[in-house]
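Here we start with a single chain on its own, the form predicted alone, put down as structure tokens.
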């Protein structure tokens, strides 16, 4: 057990990427095991990330520290996801965490990013669902290649989400004709959102990603008042005209006491495919300056990517499983969001039972 002890001592000084805490902290516990044939490290993470990236990073750390072993060294990484954040609303059955992807402005690529985060979480190995909350213009059915399919119900009360390669998806697009315009006033739209959320038969979900419509209207306010949102993420593009609207979205989430997990900057850089010249078509560092001014984390910046745009337009969600520079950015963004949510601590409703006082 000499090598296992030495390894454990060395790993307690290793900082877990994205988390900012050392191995051995409550969010990232571990144990080293040794037998006659091998040496093994088992890591229990409270948030998901790319397991291969973590293993490679630890091996680099150990190599730099000149750790030597006579036995093969292996890693086993397990995720222990709890309900995080502090909410006052009734939890949704089967759902541990709800993350809202929002923007105060349309046309910033929010639905594409919500899709990418959800798919990246699936690739990390956790259980994920995606709710398309844009009642007037649902886009997730197309992005998930399930356009035209209709949701079903086993009991006439709860709706079954449609699953695609490990991702549960629900959208108003599964309940109405795709060519029909949804001409509902605000109260009807918010009622529809609550029904989609509460009457969908979610099945043991670690993360429910909500793709919100743009703006700061009835649906967004309902989200803060009646839905147990664990945290929100703001999507923007670099130009000032987008930042003006995004600031309003940030203030709205603050007023309804929904934790802000960070900012994502989309369309930040164009690279010429012929010569490699890089050009910031929509301005420079808008998301970065916004994050600094609001004291929020910039979770990542996504470049203009033609392959990404073409993939979501034709429902090729497998784009997020293929190796690319943009997908590496999505892994970084998703890990930052999950780690920030984990750092909020456990939801007290999931820890303590509800206390009822009855007259006797």
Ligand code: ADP
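None of the values given here were measured: they were computed from a predicted structure. Numbering follows the first chain given and starts at 1.
The discussion below concerns the form predicted together with the named molecule, not included here.
By the heavy atom within 4.5 Å rule, which residue out of 69, 309, 35, 29 makes contact with the named molecule in the predicted bound form?
None of the others qualify; the residue that does is 309.
Would you mind picking the one in 232, 120, 144, 266 that has a heavy atom within 4.5 Å of the named molecule in the predicted bound form?
Result of the distance check: 266.
Going by heavy atoms within 4.5 Å, which of 110 to 118, 219 to 227, 152 to 160, 252 to 260 lines up against the named molecule in the predicted bound form?
The contacting stretch here is 110 to 118.
Heavy atoms within 4.5 Å of the named molecule in the predicted bound form: does residue 45 have any?
No, residue 45 sits far enough from the named molecule in the predicted bound form that none of its heavy atoms falls within 4.5 Å.
Spell out, yes or no, whether the shortest heavy atom distance between residue 315 and the named molecule in the predicted bound form is within 4.5 Å.
Residue-level check for residue 315: no, no contact with the named molecule.
Is residue 305 close enough to touch the named molecule in the predicted bound form, meaning at least one heavy atom pair within 4.5 Å?
Output for residue 305 is yes: heavy atoms within 4.5 Å of the named molecule.
Considering only heavy atoms, tell me if residue 91 and the named molecule come within 4.5 Å of each other in the predicted bound form.
Heavy-atom contact with the named molecule at 4.5 Å: absent for residue 91.
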